[in-house]
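In structure tokens, the next block holds one chain alone, the form predicted on its own.
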């Protein structure tokens, strides 16, 4: 893998470093809590103008056709600035499914690129715990030539701000991926904030008609697995960026905070803590690179799944070292809402739990 950034990656970094640092300050992010869906719609439009939303859309369909290395470059910058947005849902997971569908959804992909559409994956159900290869209780039936959805879903991440939903359901015993508008008749959403202020919703589908069947059976399962693994890589890149922000914040704090007439960064015990955080962060970035290389080399699904699970297990351990020690270096009060490190801790915690926690990935790795 070539570790030198490409021209596209340099462009992404330049635009991200300028825009995100100025826009997503601590005060601004806290202010988004008062919005209905937690989304900075003006910033999302800027994401579209900068070309960020087109990274995983093929060039033939109006996108940049970027690699997962390109996605990770931008995701790292988002994590560094603690931006809780529907980036993974709409820029990685949804385009993967929509371009791989039996009939690629060109109009919706164009709307995603333009920033006028956002798409959330709706999968989890009551009694589930990361059941990504289990039958769905939600059903899709054909009535008068139309797809009709019925069932209940939980923890649909980014659904409150989504214009469309990709719903997993059972149709004649097969797994199906069904696309529906989020404001369709018979859809009842109960939104709520996650620990990092990102939004999710519980959703009930009551004979919702007008859906589009994207894929079913083995094809649907393969497409779902691929989309989730790429989404996990994007979230991991955000975690690494957030961990690197912890290093920068703590380094500055240790140089500024005075105790006994000198900066506390001169104390050897605190230097050892920073060294542990540094090693954990760089180990996390290294295994992230390994997962990206596997994805961009079009590795066979089992090989990609194995590498992604190894990566997520490593990051689950690394972020605990970095985020918790960052709070400790701030004297414990770093956990309060007024300090950046508390926001990074919450952001990393949520990202680690999405699409499979460490226990899930250990079981998955054992099965592989």
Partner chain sequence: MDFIPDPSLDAFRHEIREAINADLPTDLKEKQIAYAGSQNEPEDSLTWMRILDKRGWAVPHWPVEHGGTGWSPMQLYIFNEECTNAFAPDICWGSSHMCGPVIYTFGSDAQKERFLPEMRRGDYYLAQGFSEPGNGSDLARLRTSARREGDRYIVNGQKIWTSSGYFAEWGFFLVRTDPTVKPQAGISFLMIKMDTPGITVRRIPQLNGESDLCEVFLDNVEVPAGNLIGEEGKGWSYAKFLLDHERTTSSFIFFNKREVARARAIAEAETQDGVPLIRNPVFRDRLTRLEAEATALEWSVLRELSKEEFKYHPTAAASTLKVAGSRLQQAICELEMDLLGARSLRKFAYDAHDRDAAPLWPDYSETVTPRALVMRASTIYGGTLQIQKGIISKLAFDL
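Positions refer to the first chain, counted from 1. Since the structure is predicted, the reported quantities are computational estimates derived from the model, not experimental observations.
We do not show the form predicted together with the partner chain, though everything after this point is about it.
Scanning 251, 139, 152, 286 against the partner chain in the predicted complex with a 4.5 Å heavy atom cut-off leaves one residue, 152. Residue-level contacts in the predicted complex: of 187, 270, 117, 179, one residue has a heavy atom within 4.5 Å of the partner chain, and it is 270.
The candidate site formed by 22, 72 and 256 is entirely out of contact with the partner chain in the predicted complex, as no residue has a non-hydrogen atom within 4.5 angstroms of it. Picking from 295-303, 37-45, 321-329, 61-69 the stretch near the partner chain in the predicted complex, with a 4.5 Å limit on heavy atoms, gives 321-329. Proximity of residue 337 to the partner chain in the predicted complex falls within the 4.5 Å heavy atom cutoff. Taking the partner from the other structure, the partner chain in the predicted complex has a heavy atom within 4.5 Å of a heavy atom of residue 129. The partner chain in the predicted complex comes within 4.5 Å of a heavy atom belonging to residue 342. When contacts are judged by a 4.5 Å heavy atom cut-off, residue 261 counts as touching the partner chain in the predicted complex. Using a 4.5 Å cut-off on any heavy atom, the residues of 335-368 that reach the partner chain in the predicted complex are, in sequence order, 335, 336, 337, 338, 342, 345, 346, 349, 350, 353, 354, 357, 359, 362, 363.
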